[in-house]
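To begin, one chain is listed below as C-alpha cells, in the form predicted on its own.
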C-alpha cells in the first residue's frame, strides 16, 4: 500500500522558487522520485524540515535528484557498505545515504569529511534527529590530508568500496584528492566525481579549470581505469537538457580488478 503522503511529497517543489529546485521544474518531472517515495513518513519529514531550514538559512549547495538517484541504484542494488564522501556540505546526501544504509542494516557505512566545522555540526545535528548516527560518521578534516585517509581506513577496517568526491571543485585540490584516495579504493570499486562539466568548471575559485580539467588530465595518466563521464561538455543549465539531467555532470571511475576475498 502506498504511503498516504507519497503522491504529493516533492511535487510541491514543481512551483518552488530558487535554483536548488531546478530538477522539479523540468518538463515532465511532476512526480515523486524513488529517493523520496521510498522514504518512511518520518524520514520524509526529516528531509522536508531540512529543506525548510536550509532554505531559510541559505546553506545551499547539495547535489540534486539525478546524482542521488544514481547513488541509490548503486548502493542498494549492490549493497555497497563502505562509502567515503569527500565534501559533506549541509548534509543532504549524508541523510539520504544514511537512510539507504539503515535499510540494508549496514552500521558505520558512510564516512563523510568536510573542512568546514559549521557544516559538520549542522550535518551531525540532522543525522541525530534522523536517528542515523550509527550509520553515518561525520569527520572534520581536510580531504587532501593523508591523516584523513588513515582515519577512514581505520573506521572501516578495510578499503572503501565507493568514494564520492564533491568538495572544493578546485583543479589542484581535485588532482590531490584523486592522487590520495584512488589508490586506497578497493579493487573493483567506484570513484564518483560531481561537477565534471565545462559549466561546473566555473565553480573553481582558482579559475584553473576545476574538476573537469583535473579528471581529464588524470584519465590520460591512468588509461587502465574504466572511466565514464556524463555531460562533460555541458555549458549551461538552460533547456533543453541532456538525457542525464544534471548539467554539472558526473564522472565514474571503475577501478580494475576484483575485490579481495573476505
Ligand SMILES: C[S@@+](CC[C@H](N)C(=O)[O-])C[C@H]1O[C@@H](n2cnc3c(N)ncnc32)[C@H](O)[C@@H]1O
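Keep in mind that this is a model prediction, so the values were computed, not measured. Numbering follows the first chain given and starts at 1.
Only in words, not in the display: the form predicted together with the ligand, which the text now covers.
A heavy atom within 4.5 Å of the ligand in the predicted bound form is found for one listed residue only; from 63, 70, 230, 35, this is 63. The partner is absent here; in the predicted bound form, the one residue of 115, 149, 175, 80 having a heavy atom within 4.5 Å of the ligand is 115. Residue contact check for residue 141: one or more of its heavy atoms lie within 4.5 Å of the ligand in the predicted bound form.
Residue 89 belongs to the set of residues with a heavy atom inside 4.5 Å of the ligand in the predicted bound form. Among heavy atoms of residue 190, none comes within 4.5 Å of the ligand in the predicted bound form. Residue 132 falls outside the set of residues with a heavy atom inside 4.5 Å of the ligand in the predicted bound form. Stretch-level contact check against the ligand in the predicted bound form with heavy atoms at 4.5 Å: of 159 to 167, 102 to 110, 182 to 190, 124 to 132, the positive one is 159 to 167.
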